[in-house]
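Structure 1 and structure 2, given next as C-alpha cells, are two forms of the same protein chain, each shown alone.
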Structure 1
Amino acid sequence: MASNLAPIPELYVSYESAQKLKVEAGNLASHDLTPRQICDLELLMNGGFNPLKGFLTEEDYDSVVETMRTKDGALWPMPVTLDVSEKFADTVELGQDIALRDQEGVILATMTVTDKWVPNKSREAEKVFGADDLAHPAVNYLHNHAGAVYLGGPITGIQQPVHYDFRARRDTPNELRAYFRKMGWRKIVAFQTRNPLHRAHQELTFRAAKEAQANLLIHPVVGMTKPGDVDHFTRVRCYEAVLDKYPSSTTHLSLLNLAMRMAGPREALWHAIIRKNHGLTHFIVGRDHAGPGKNSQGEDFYGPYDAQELVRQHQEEVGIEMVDFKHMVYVQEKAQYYPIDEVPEGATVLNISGTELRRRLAEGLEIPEWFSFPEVVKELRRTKPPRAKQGFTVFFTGFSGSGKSTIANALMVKLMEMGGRPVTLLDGDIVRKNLSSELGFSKEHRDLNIRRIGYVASEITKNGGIAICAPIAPYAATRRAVREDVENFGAFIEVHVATSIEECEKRDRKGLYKLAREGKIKEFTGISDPYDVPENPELRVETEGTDVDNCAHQVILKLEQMGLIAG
C-alpha cells in the first residue's frame, strides 16, 4: 500500500479573508471552547478529521452513535460534538453564526449553527464506550463535565490554536504529507502512544517498520489522554531522549493534538482514519489499544484484541494497513527482546508492568537498563521524585459536625512537626471566608466551592506541598473531579469521617442542625439534601469513642503505608 500524499482539504480561509472575518466575528455571540473542544477544532480545521466539515449535526450524530457512519455513509466511529450549557444554547438561534474562542479569548473559527438538541447521553455511553459506567473516563466526562446541549454545523477556520511548546514537532496532516514527499517516503508506519517509550516499544517499532518495509513515524498524542497519565511535556522529552536510538533517515517524531476518549475498538478505528489523513500507510494497533482499564466491576472494559478486530474489518475501506502489536518480553539468557509467542522454551522471561514501573519510580528503586533507557528514566525521575518528596492532598469529607476540621487541624500540626514540606489547611469555613465569600449554599454554589478547594489543593500538590482539605463535599461526582485535578500532580487521600448524622446532631456546636430541622436552612446535608457516602476512600475514621489524636494518627499511619512520609 503506497501513500497518496496529495494535500488533504483544510477548513481554513485565506490569510486575507481571515483578517476580515476576525473583525466581523468580533460582533458575534461567542462560545469559549473547553480544552477538549480546542483539540477537536484543531483537527477539524487542519483536515485531521476529514471528511467532517464541522461539529456533527443531529442526524450525523445519531448515525455515528448507532452505526459508526455519518448519514451519507462515511466511516466515522467517534461523535465529535460541540457541547454547551443550556444557558448558552438558549441564546442561539438556528442559522446563526457564532465565534469559537480559545481560553484567552482569541477567535479560532466561526460556526453556522444548523442543529441544536439535547442528546441521550446514556445511549451515547452504551453505544460508543460499551457501557454507561462512570468508571470510564469519557463516560464520566459526558455526564459530569460536558454541556447538556449539543450544537452542530459547519465551521470556518480563522487560525490554528497557538502552541508555545515543541512547535517544531507539531505537524498538520498536510505538513506531514509534504515532509514524506520531500523525503521520498512511500510507506510509513505510525506508532500511536500516550506513554513514554521503553526498550520494548523501541524493539516493537523497529520490527513493525522492518516487517512492513516502511519508514517509522512516532506519533504520540499530546492533547488530552487519561487522567493520571504522565504529562505530555515529560513524555515528549522522553521521546526526544530516545530518538537518537533510531536511524534518523527512516524515523520521524511528530505530535498529535488529539483529545483521546479511551474508547477501545472505536478509538483504534478513529486513530487509523486520523493517521490515514496524515498520509500514513500502516498503523500499529496494540493489545487493548486505547483501553481505559477496569470498569466498576473490576473487569476490563474491552477484550484485549477487540480493537485489532475492528480495525482489521475496516482497514481496506480506510486505506491503511494494520500492523499487529506484538507483546515484547525480555529473555534473560539471550539478553534481548522477543515477541512473547517466539520465546525459546525454558527461557527466563523478564517483564516490568506499568504498575511496577510506577511503584519503582515512586519509591526511588532501581529501574534496570534492559527495561528502559537511562535517559528516559532520568526524565521520569525529574518529574516524579520518590513519593516521600512529592506533594499530596488529604481530603476529609463527612457531615457538618463530624469532626473533620478538628482532625485536619491535628494532622496539620503533626505534619508540621515532622517538617520537610509546607502544609496548608483548606478548611471549609476558612475557604468560605477567603475564596468563596460570594457563594451561597445551593448545589451549584457548593460544587463551585469544592472545585475551588480542589484547584488550590492541586496547585499546592504540584509545587511539592501538602494540602489538607476539610469541606463537607457531599457529592461523589465533585469529589471525583477534585481527585482527578490533584492526581495529575501527586497523591490524593480521601478520608471519610464516618460520624453518624445522629451523633453530629447531638454535637451541633453551631446550632445548624436545629435551624435545618426548623426549615430555616434550606438544602442542609443529611437533613434536606443528600450525602453520597464514599465507596472506596483511602481511609475511613470513626470519631465516636475515639479521640482526635488517635484519628489523626490513623491518617499518619496511612500516609506512611503509602510511602508519602518517611516512617
Structure 2
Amino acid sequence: MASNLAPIPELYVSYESAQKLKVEAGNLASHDLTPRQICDLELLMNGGFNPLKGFLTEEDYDSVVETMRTKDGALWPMPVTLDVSEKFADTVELGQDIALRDQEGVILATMTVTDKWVPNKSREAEKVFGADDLAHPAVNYLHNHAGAVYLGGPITGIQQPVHYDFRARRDTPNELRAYFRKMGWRKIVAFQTRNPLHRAHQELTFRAAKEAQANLLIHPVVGMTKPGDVDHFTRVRCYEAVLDKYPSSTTHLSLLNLAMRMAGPREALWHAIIRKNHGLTHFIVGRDHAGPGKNSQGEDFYGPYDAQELVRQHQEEVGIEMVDFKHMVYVQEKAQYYPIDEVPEGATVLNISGTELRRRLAEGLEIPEWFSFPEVVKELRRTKPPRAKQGFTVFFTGFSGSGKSTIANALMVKLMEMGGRPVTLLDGDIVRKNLSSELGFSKEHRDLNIRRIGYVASEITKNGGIAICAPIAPYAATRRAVREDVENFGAFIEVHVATSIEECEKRDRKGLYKLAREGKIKEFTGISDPYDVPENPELRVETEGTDVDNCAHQVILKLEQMGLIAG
C-alpha cells in the first residue's frame, strides 16, 4: 500500500480572514477550552481528525457511540465532543456562534452551535470504553471532569494552539505529508507510543520497518496520556537521546498532540485513522495497545490482542496496513529480543515490566543494559530521583490540642538534622495567620483552608521538598482531595494524632474547649462540629502515655520503611 500524499483538508480560514474573524469573535459568547479539548481542537483543525468538521453533533455522537460510524457512515470510533457546564450551555442558543479560547484567553476557533444535549454518560462509558467503571481513566474523566452538557457543530479554525516546547518536532498532517513527499518516502510505518523507548521498542520498530520495507516514523503522543505516565518533556528528551541509534535517512521523529482516552481496541482504530491522515501507510499495533490497566475488580479491561483484532477488521477501509507484534522479550542465550511466540525452546527469557521499572527507578536500583539504553535511564533518573531524594508530604490530622503541632515541630527538627531536603511546616495556626486570615470555621471555609494547604504542599513536594502540614482537617473527602493533589508529585503520609476528645478537653492548653462548652466559640471541632476519623492513615499515633519525641520518632520510622529517608 503506497501513500497518497496529497494535502488533506484543514478547517483553518486564510490568514487575512483569521485576523478579521478574531476581532469579530471577541464579541461572541466564549468557552474556555479544557486541556483535552485543546488537543481535540488542534487535530480537528489541522486535519488529523479528518473527516470530522467540528465537535460531534448529537446524531453523529449517538451513531459513533453505538456503531463506531458517523451518521453518514464514515468509520470513526471515538466521540470527540465539546463538554461544557450547564451554566454555560444555558446561555447558548442553537444557531449561535461561540468563540473557543485557550487557557490564556486566546481565540483559536469559532463554532456554530447546531446541537446541545445532555449525554447519557453511562451508556457512553459502556459502549466506548467497555464498562461504566471509574477505574478506567476516561470513564473517570467522563463522570468527574467533563461538563454535563455537550455542544456540537462545525468549527472555523483561526489559529493553531501555541506550543512553546519542542516546536521543531511538531508537525501537522500536511507538514508530515510534505516532508514525506520531499524525502521521496512512499511507504512509512508509524510507531505510536506514550512511553520512553527502551531496547524492546527499538527492536520492534526495526523489525516492523524491515517487515513492511518501509521508512519509520516514531510518532509519540505528547498531548495527554494515562495519568501517572512519564511526563512528555522527559520522554521527548529520551527519544532524542536514542534517535542516533536509528538510521537518520529512513527514520523521523514527530510529536502528536493527541489526548488519549486509553480505550484499547477503539483507540487503536482511532490511532490508525489519525496516522492515515498524517500520510502513513503502515501502523504498528503491539500487545495491549492503549490499555487502561486493571478495572475495579482487578481484571484487564480488554484482551491483550483485542486491539489488533479490531484494526485488522477495518484496515482496508481505513487505508492503512497494520503491522502487528506480539510482546517482545529478551532471550539471554541469544542476547537478542524475540516476539514471545518465537522464543527458541528452553531459552531463558528476561523481562522487566513497567511496574518493576518504576520500582527500580524509585529505589535507585540497577537497570540492566539489555533492557534500556544508558542515555534513557540517565534521563529517567534525572526526572525521577530515588524515593529517598524525592519530595513528600506528612499530613497530621486530629483534634485541636491533640498534639499535632508539637509532634510536627519535633519531626521538622529531626528532618532538618538529617539534612538533604528543605523542610516547610504548614501548621494550622501559621496557615490561618498567613494564608487564610479571612476564613472562619464553616465547612466551606475549612475546606478552602485545607485545599490551600494541599496546594502549597503539592508544590513543595513537586519541587523535591518536605512539607509537614498540621491542621485539624476534619473532613475525610477534603483530606482525600489533598492526597490526590500531592500524590501527583510524591508520597503523602497521613498521620492521625489520635488523642481522644476527652483528653484534649482535659488538657485544654489554649482554654478553647472551655469557651466552646460555654457556647462562646461556635462550630468547635469535637464539641459542636464533626470530625471524620481517618480510616486508613499511613500511621496512627497515640499521645496518651507517649512523649513527643517518641511520637515524632514513629513518623521517622514510617518514613524509613517507605523508603523516603535513607535508613
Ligand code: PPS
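Only a predicted model underlies this, so the values are computations on that prediction, with no experimental measurement involved. Rigid core (definition): largest C-alpha set, two forms, superposition within 1.5 Å. Counting starts at 1 and follows the sequence of structure 1.
Just checking, which of these two is the form predicted alone?
That would be structure 1.
Can you give the angle in degrees by which the smaller rigid part turns relative to the larger between the two structures?
About the hinge, the smaller body moves through 20 degrees.
Relative to the superposed core, report the C-alpha shift of P422 between the two structures in angstrom.
Taking the core as reference, the C-alpha of P422 is shifted 3.7 Å.
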